[in-house]
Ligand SMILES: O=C1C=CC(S(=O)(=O)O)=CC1(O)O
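Encoded as structure tokens, the following chain is the form predicted alone, with no partner shown.
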């Protein structure tokens, strides 16, 4: 099918239970820029972003992910997206400019996996603060990097995303052919979105980029100074997959946020796929540090186009946490030389 030409991931809408608490976390602690706000919604962006927003926080009764937004290359790509999803039998709604603040016409779909995707081209430009160093904190967040989605059948989800025009850059598999996770790109980085095998559809995390590792370490120090270190779920560390330096946080509603930096270029048409053995204990953390169980099991509800929670289906294939016990259990550092068995076991 003739899929739309997607440029990049562009924004996420999160429903939050306490808008003031969420504002404090994302603005006062993490340093995202407020584009505009009212008593119901806050629109935020990274320091180097020129489109209206990368994150919408909306007050609501049940914390959830309400929309995954992608920018397309030309207005006509909205027609192609509509044709593509109608051929798949998906629910499709075309919304007039103004449906999303700062965004022109939006094509909304509940995709075949059960995720609420949105596509747009026209967008309000706002000042790019790249050279406004007086606005930078030591933990400066510069842009949205990617989403990560939880879905039971990674192989089926991968086929759908590849048909949508995404390039698979990395994955995690075992010798029996089970795929546990996979990463997919439209821009020239490791990913715009990823699929993590598990009960879903759910949102695993949203990731924002910094320029340097020290920005992430400063965020950790700041959280410690504020006596908010309990917001740190995992890290800091370096991934094997993507090679990026990372930190995982939980916001006041439990939504997972990754701070991420220094992955690699993937833009060539023959960029090679990197496949990791699920038993390689350096795949999730390059230093072999354990993955906390909550990182595998907990994720955010996603909403359909009417704002109702999408039913969750359990994973039927083997689960990564069960076959590896995080990164610190039945996994190897050097293949053929036994398992690394640590405190989690």
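Numbering follows the first chain given and starts at 1. In this text, all values refer to a predicted model and were calculated from it rather than measured experimentally.
The form predicted together with this ligand is left out here; the points below concern that form.
- For the residues 251, 192, 258, 77, the 4.5 Å heavy atom test against this ligand in the predicted bound form is passed only by 258.
- Residue-level contacts in the predicted bound form: of 139, 102, 240, 152, one residue has a heavy atom within 4.5 Å of this ligand, and it is 240.
- Annotated contact segment (heavy atom within 4.5 Å of this ligand in the predicted bound form): 241-249, selected among 220-228, 241-249, 126-134, 103-111.
- Looking at residue 295, you'd find a heavy atom of it within 4.5 angstroms of this ligand in the predicted bound form.
- In the predicted bound form, at least one heavy atom of residue 283 sits within 4.5 Å of a heavy atom of this ligand.
- With a 4.5 Å cutoff on heavy atoms, residue 205 counts as touching this ligand in the predicted bound form.
- Under a 4.5 angstroms non-hydrogen atom cutoff, this ligand in the predicted bound form lacks residue 186 among its neighbouring residues.
- Residues of 15-54 placing a heavy atom within 4.5 Å of this ligand in the predicted bound form: none.
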